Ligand SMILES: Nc1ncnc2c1ncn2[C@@H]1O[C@H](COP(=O)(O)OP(=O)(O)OP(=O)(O)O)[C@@H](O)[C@H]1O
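A lone chain, given as structure tokens: the form predicted alone.
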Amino acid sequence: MARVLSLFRPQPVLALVSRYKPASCQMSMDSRARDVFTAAVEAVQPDAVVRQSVERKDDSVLISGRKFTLKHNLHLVGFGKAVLGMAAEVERMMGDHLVDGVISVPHGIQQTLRQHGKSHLLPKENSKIQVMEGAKHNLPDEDALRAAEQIKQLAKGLTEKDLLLVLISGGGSALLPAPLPPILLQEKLDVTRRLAAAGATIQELNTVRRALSVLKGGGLAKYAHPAQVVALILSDVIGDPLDLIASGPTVTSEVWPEEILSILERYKLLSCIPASVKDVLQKQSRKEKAEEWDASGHVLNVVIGSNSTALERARLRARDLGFHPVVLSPGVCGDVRAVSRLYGLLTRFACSPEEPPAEVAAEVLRLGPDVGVQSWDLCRTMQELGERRAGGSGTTCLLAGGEPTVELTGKGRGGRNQELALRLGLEWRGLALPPNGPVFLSGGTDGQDGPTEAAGAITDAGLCAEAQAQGLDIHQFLTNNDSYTFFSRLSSGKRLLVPGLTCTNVMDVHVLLFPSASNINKG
């Protein structure tokens, strides 16, 4: 451990005053944290990520270094919460070669976009793209099933001369339901619900979902063969695994019936699955699976936007505001209690007037596996925070992203971002108030944190005293998972983050502002 900790001792040559100029504006720390979050969301707007990833050159298009010829041979399908804006931008860029299109989007989203003045994210009037709405409450339904059938029929009619552009974003799995016959939609839904309730992992759920689906697990790309398939993906999954985003409709995956039966048996569900599911699994043979088509050369999957994209724009904005930006990781996960503990320890590490005890760094490294952050990223981050502490000048902006979880123990209203902010406020008791003390913002890039109108919340070391003065018991609200009610009542909701409709989703963004160590303990 002594060898590891030596990494964090600042080197004299690096203990320099920050080269970044202090912010000239008079914005509060709270406002600047919100500004950084806004920049992150703007970076992953659906039309923007398409523009940045697709280059039109005369009668061809360049995507991820590959050139595709346009000869009135372009077809488009899409599914997800952000594909309306993606499709609108594709139509603007290549509409003269667009033959037809079908996209499956959330119920009511077109009206919502118009109401919020975002009609630029809608396909043009008389568009060749058919927009089909479904999946109320983010659950597969008959409307989404009809959309999936239309998408399948479009793909089936393509030839080797055609180019199929597939647009995928978060929520795509629920918007592309197509169970293998004779399985009914409700039967498939029941199986996955039972697995989730029994504690199955997301990998196991997706394995079963793909095996019982017509279009998932590469099924859509298979129907489109021999056409060229290009998928543009806005990722809402940690690590951007192509087979998990919308259950991988353009990613060939091999799943054996025996594997599905093993998962069902592991969770003691074999005796209660529908007869149709048993029938499908029994009919699928190894020979049939071994004769899967070869997708090489015919399918290109490109992630055009992700949490990393958002964090990079946030980093640039933080620098423009006069902060020294440090990106921890785009893969923070695990229980919010562990995440808040990690951020509390990193605050002590960054803001201690003297070199912190070795136990602080040791505890940070111990928490790494629990929150999905690699030891190397933690070591790199602590080394940079240590150098900043020694320099003693300016505010550091620590950035992270991902998707933590909340253990539900109550029936209140809230979400992971608001609960994380509330728990970190407890961790920070006794520290100085802004601008001399730390500030934390946690927000969902989709603009919605749990079943609330807020995307998240902002906290600082004054949270506990502020709550106590207003007769609010933080522990009681946490026990009931009622963070939204807490922040709504606290000072008339001033700490809530309510950006409204964002039209995108790349999980969450965390912004931690650490003033110099010489100021933080003056509270």
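Please read these numbers as outputs of a predicted model, since none were measured by experiment. Residue numbers run from 1 along the displayed sequence. Basically, rigid core = biggest C-alpha set you can superpose within 1.5 Å across the two forms.
Another form exists, predicted in complex with the named molecule; not displayed. Remarks below refer to it.
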| item | value |
| --- | --- |
| Listed range touching the named molecule, judged in the model of the complex by heavy atoms within 4.5 Å, from 326 to 334, 88 to 96, 261 to 269, 415 to 423 | 415 to 423 |
| One residue of 297, 199, 451, 108 in contact with the named molecule, assessed in the model of the complex (non-hydrogen atom, 4.5 angstroms) | 451 |
| The single option of 367, 154, 406, 230 touching the named molecule in the model of the complex, heavy atom within 4.5 Å | 406 |
| Partner proximity in the model of the complex: residue 81 to the named molecule, non-hydrogen atom cutoff 4.5 Å | yes |
| Contact label in the model of the complex: residue 481 to the named molecule, heavy atom within 4.5 Å | yes |
| The named molecule contact in the model of the complex: residue 138, any heavy atom under 4.5 Å | yes |
| Proximity of residue 446 to the named molecule in the model of the complex, heavy atoms at 4.5 Å | yes |
| Post core alignment: residue 196 C-alpha displaced by 2 Å or more between the shown form and the other one | yes |
